[in-house]
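The chain below stands alone and is given in structure tokens; this is the form predicted on its own.
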């Protein structure tokens, strides 16, 4: 009996999707260029051509940019935006937190204004994609903060998410502008992230693209699937279903876990490369975090 459970789940999910195919599936990533700028152009054009009902400047709204019922619910939820409490808490921590040497967190990552807009980025010195939350964590570790006091995916997560929310608010209205430097390692990181987006995982055998590209705008049971553009602009987001602030890396971890596989560790190279890919796709989109999602 246990062996047929994944099959039944897949059947249930597919059955819950809209009867009409949302887009004509012609996009094969294997036939598309490894050059990031060329690939990103083709990727965006797929959505512009297949989903003309979505305005270019509304992709950063997720499902609220094209689902009228969802947008109506969103307006009601935003009458008393729960993000405000997290922004206030994050600002208080940001202003008061001191490292063992007495320096603030800004001594590691820079001033709050516009900081979120600079992430993620590829560091040519260490050959790694840098994520904002991980840089805050490493700031503490490198400064000698005791291991049991360092923020992480579990311990101190609420404080980390709150600071991330505040920093996101300080870049609100700016546009995503992720650079891929002239370094083959940066291009490799982008393409690794692309591979993560299209790779099927877990017992459900789903990829990011299955939900957010090939079946974008369709419904899976009670939820509407958003698109492959605008995934990074609002993070961290307050999720009503979780009643808390969720960072992007946490969400990516959860998505992979939901395919019934063992996810990579949070802030792993794989998830940071995926974030790099998604953010590069979002270039030109307006940052509107911390956002609110159902």
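It should be emphasised that the depicted structure is a prediction, and the values quoted were computed from it without experimental measurement. Numbering follows the first chain given and starts at 1.
Just so you know, the form predicted together with heme C (HEC) exists too; it's not on screen, but the next bit is about it.
This chain is displayed alone, yet in the model of the complex one of 162, 189, 211, 136 has a heavy atom within 4.5 Å of heme C (HEC); that residue is 211. A heavy atom within 4.5 Å of heme C (HEC) in the model of the complex is found for exactly one of 166, 151, 119, 206: 206.
Stretch 217 to 225 is the answer when you ask which of 102 to 110, 217 to 225, 80 to 88, 67 to 75 has residues with heavy atoms within 4.5 Å of heme C (HEC) in the model of the complex. Heavy atoms of no residue among 194, 279 and 287 are located within 4.5 Å of heme C (HEC) in the model of the complex. Looking at residue 259, you'd find a heavy atom of it within 4.5 angstroms of heme C (HEC) in the model of the complex. Within this chain, residue 251 lines the site of heme C (HEC) in the model of the complex, having a heavy atom no more than 4.5 Å away. Heavy atoms of residue 54 never reach within 4.5 Å of heme C (HEC) in the model of the complex, leaving it off the interface. None of the heavy atoms of residue 40 is located within 4.5 Å of heme C (HEC) in the model of the complex. With contact defined as any non-hydrogen atom lying within 4.5 angstroms of heme C (HEC) in the model of the complex, the stretch 153 to 184 contains no contacting residue.
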